[in-house]
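The chain below stands alone and is given as structure tokens, in the form predicted on its own.
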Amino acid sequence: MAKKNMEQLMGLIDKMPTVPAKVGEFILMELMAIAVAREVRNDDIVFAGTGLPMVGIMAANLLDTPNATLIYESGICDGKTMHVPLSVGDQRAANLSSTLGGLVDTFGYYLQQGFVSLGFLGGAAIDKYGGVNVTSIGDYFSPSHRFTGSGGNSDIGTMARRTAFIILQEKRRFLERNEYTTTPGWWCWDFKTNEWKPKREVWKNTPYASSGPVAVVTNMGVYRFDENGEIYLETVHPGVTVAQVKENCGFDLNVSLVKGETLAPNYKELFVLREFVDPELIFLPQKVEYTKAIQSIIDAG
């Protein structure tokens, strides 16, 4: 197959079938990226962090939500990036952007003024109420491990109206309570009464009382939060069992609401991910060969 230019590849997007791909035709990271992309609405203003969050929002922009506005903490607003940036400060993110500002603009204006409707974030550990730790393990002043710190995690997770997290799932990462809470979830520590309380009570009469996590995507499944602010398993990824998920959870996880398997990415979504979002494999670890049927569509142009 002769190498196709960007215009030729763009013309192929709508020729790709929207049928879910079969197991073996995609990798786990592609499944996770598309699961995150499905959280985006067409009218969202999205604040995304480095890594799979960027892959997810870019895929969403090119697929079903072209009007969603993307913000990076470096100050880039409404860019239409064609290949995923290395970081939020990579100038590839500025392609066709509406404005180029700085931290004061993104945090002080867009975020703190309440304009951001969706935040995409990662984390080292998460508790059953959606609180995230990206700070330290063990005693704060003498930790067994210290992470890079909040960055914008706490700000975005607190002030965006909805937040979706991407986290690798292990028993030590899915906890009843974090040893340190960087970004509060649906239950917070009330310093006035020295007890845990629902966020809506602790932050009552503030603009952020009803802001919080709505989804968590891991390497094992997709999670939501119930009316009490507790996490529950919604779907398991293909090849993963509910029992395996529970084994990799540090608390008694609610699995009573499982709907089945996470919907696999379709061929159109995979084409966009591979040819436009991350063709250089910056965040996606490998490129899977297309099926003969899909390759024939590409070859025919």
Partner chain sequence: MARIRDKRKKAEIISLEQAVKTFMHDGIVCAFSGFTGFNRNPFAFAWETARQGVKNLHVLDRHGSQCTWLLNAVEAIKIFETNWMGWGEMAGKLDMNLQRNYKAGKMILEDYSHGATAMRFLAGAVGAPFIPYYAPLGSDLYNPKYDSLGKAGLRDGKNPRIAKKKFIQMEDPFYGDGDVILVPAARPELAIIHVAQCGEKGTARWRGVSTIDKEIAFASDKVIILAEEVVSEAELRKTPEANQIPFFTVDAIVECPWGAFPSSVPFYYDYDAPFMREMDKASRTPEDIKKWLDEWVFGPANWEDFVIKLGAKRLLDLKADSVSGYSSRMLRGKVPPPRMTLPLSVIRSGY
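Everything quoted here is computed from the prediction, not taken from an experiment. Numbering follows the first chain given and starts at 1.
Below: the form predicted in complex with its partner chain, not depicted.
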| query | finding |
| --- | --- |
| Among the candidates Cys188, Leu175, Ile167, Val214, the residue which, in the predicted complex, approaches its partner chain to within 4.5 Å (heavy atoms) | Cys188 |
| Candidate from Val84, Leu118, Ile231, Leu121 lying within 4.5 Å of its partner chain in the predicted complex - any heavy atom | Val84 |
| 4.5 Å heavy atom contact, Ile297 and its partner chain in the predicted complex | no |
| Ile76 within 4.5 Å of its partner chain in the predicted complex, heavy atoms | yes |
| Gly260 within 4.5 Å of its partner chain in the predicted complex, heavy atoms | no |
| Non-hydrogen atom contact Glu179 with its partner chain in the predicted complex at 4.5 angstroms | yes |
| Listed range touching its partner chain, judged in the predicted complex by heavy atoms within 4.5 Å, from 252-260, 59-67, 32-40, 236-244 | 59-67 |
| Members of 79-97 lying within 4.5 angstroms of its partner chain, judged by heavy atom, in the predicted complex | Lys80, Thr81, Met82, His83, Val84, Pro85, Leu86, Ser87, Val88, Gly89, Asp90, Gln91, Arg92, Asn95, Leu96 |
